[in-house]
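The chain below stands alone and is given in structure tokens; this is the form predicted on its own.
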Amino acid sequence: MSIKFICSCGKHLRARDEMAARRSMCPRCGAPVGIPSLRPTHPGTPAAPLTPQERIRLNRNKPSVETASGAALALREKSTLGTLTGPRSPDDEPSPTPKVRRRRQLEQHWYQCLAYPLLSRNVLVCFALILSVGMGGIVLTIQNFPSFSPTTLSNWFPWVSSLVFVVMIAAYAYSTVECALTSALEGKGAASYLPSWSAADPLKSGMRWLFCFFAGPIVPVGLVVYFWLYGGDLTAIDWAIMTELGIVAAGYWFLVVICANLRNRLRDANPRCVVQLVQHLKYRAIVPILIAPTLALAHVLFGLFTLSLLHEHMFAGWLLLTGCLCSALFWSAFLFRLLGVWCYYTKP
């Protein structure tokens, strides 16, 4: 002989006689349910407090509990209304439950990070077009640059305003690229992350990059400028030394920016934190130390070539400059995303 009873979700249950006046779990909804007693004059035992194992199981099955209860209630209401008022029209049918968008998981392999810049390709291409137009316009009109004197200060206004506009667009573009790093450090999956439209985020990002530049890379950059201005006729060895100094400056700048974003503190932009970051990355540190500076140097040289080409072939130079900026933003987003994912998995 067995005891038959019904759960609150509508599931018909059956239990052995030895389980009378005890508590069990519904196999459909996972909710605790009391088994009736064999003596009708005595009520069943109330549900005791949940054990930790039952609480974990109940929390795991909580969405299914609500879904099953809601479905059972809807079916019960539908059958009741159908018997009272007859068949319902299609307009009276309940609206379908909206689909919940699954959260994207963080990348597991390096090649998965290549898809991140493609998610924000429209924004990056727009930034590249605007920057190419602004930079090309400044270069094409550089021959009419006014001389500095108190009588010609009014002529400086269009130059200063256009330069500020280009700098702000560049700051917002690299603030967008920096979202690839910050979102990965927070463990967020691949998506199109953008800063707010206010000037606070680009200004904060620009100030962080400027502070990180003065925290170390300014020394090798200053040496490169000194050699360039006062080195006389530079030989191949001199150019090789200047190239190495530029790679060192770009690599250290890259590492310092990552250190400043790890805990969102500018005081972490110091050599000790950079050494700790390299130790955590291990062999992966070759990316910010060698690969990223090499790509940056190649884009800078190609960008200078396209700017010099604007005076001779304006349309071709503008297309090449736009492609160079698109490539720079794409690889910057990819490298920041890749290093952010590695730092997330290897952080202490």
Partner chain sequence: MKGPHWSWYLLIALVALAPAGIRLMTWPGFKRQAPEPQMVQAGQTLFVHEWKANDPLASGDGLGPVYNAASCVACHNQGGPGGGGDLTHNVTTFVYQSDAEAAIRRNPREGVVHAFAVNNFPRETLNHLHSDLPAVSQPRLDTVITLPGRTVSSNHCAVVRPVVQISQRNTPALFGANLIDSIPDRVIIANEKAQRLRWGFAPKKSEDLPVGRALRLADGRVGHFGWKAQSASLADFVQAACANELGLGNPGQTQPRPLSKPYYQPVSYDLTLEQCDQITAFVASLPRPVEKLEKSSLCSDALAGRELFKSIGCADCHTPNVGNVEGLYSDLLLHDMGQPLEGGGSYNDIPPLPNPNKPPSDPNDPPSPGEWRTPPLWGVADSAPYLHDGRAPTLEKAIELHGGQGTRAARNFASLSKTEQGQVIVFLQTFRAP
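Positions refer to the first chain, counted from 1. Source: prediction; values computed, not measured.
The form predicted together with its partner chain is left out here; the points below concern that form.
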Heavy atom contact within 4.5 Å of its partner chain in the predicted complex, the stretch among 177 to 185, 203 to 211, 265 to 273, 119 to 127: 265 to 273
Residue-level question: is Phe165 within 4.5 Å of its partner chain in the predicted complex, judged on heavy atoms? no
Can you work out whether His311 and its partner chain are in contact in the predicted complex, taking contact to mean some heavy atom pair no more than 4.5 Å apart? yes
Decide whether Ala170 counts as a contact residue for its partner chain in the predicted complex under a heavy atom distance cut-off of 4.5 Å. no
Can Val33 be called a contact residue for its partner chain in the predicted complex at 4.5 Å between heavy atoms? no
Picking from Val219, Val133, Val160, Leu114, the single residue whose non-hydrogen atoms come within 4.5 angstroms of its partner chain in the predicted complex is Val219
Residues within stretch 216 to 235 having a non-hydrogen atom within 4.5 Å of its partner chain in the predicted complex: Val219, Leu223, Tyr226, Phe227, Trp228, Leu229, Tyr230, Gly231, Gly232, Asp233, Leu234, Thr235
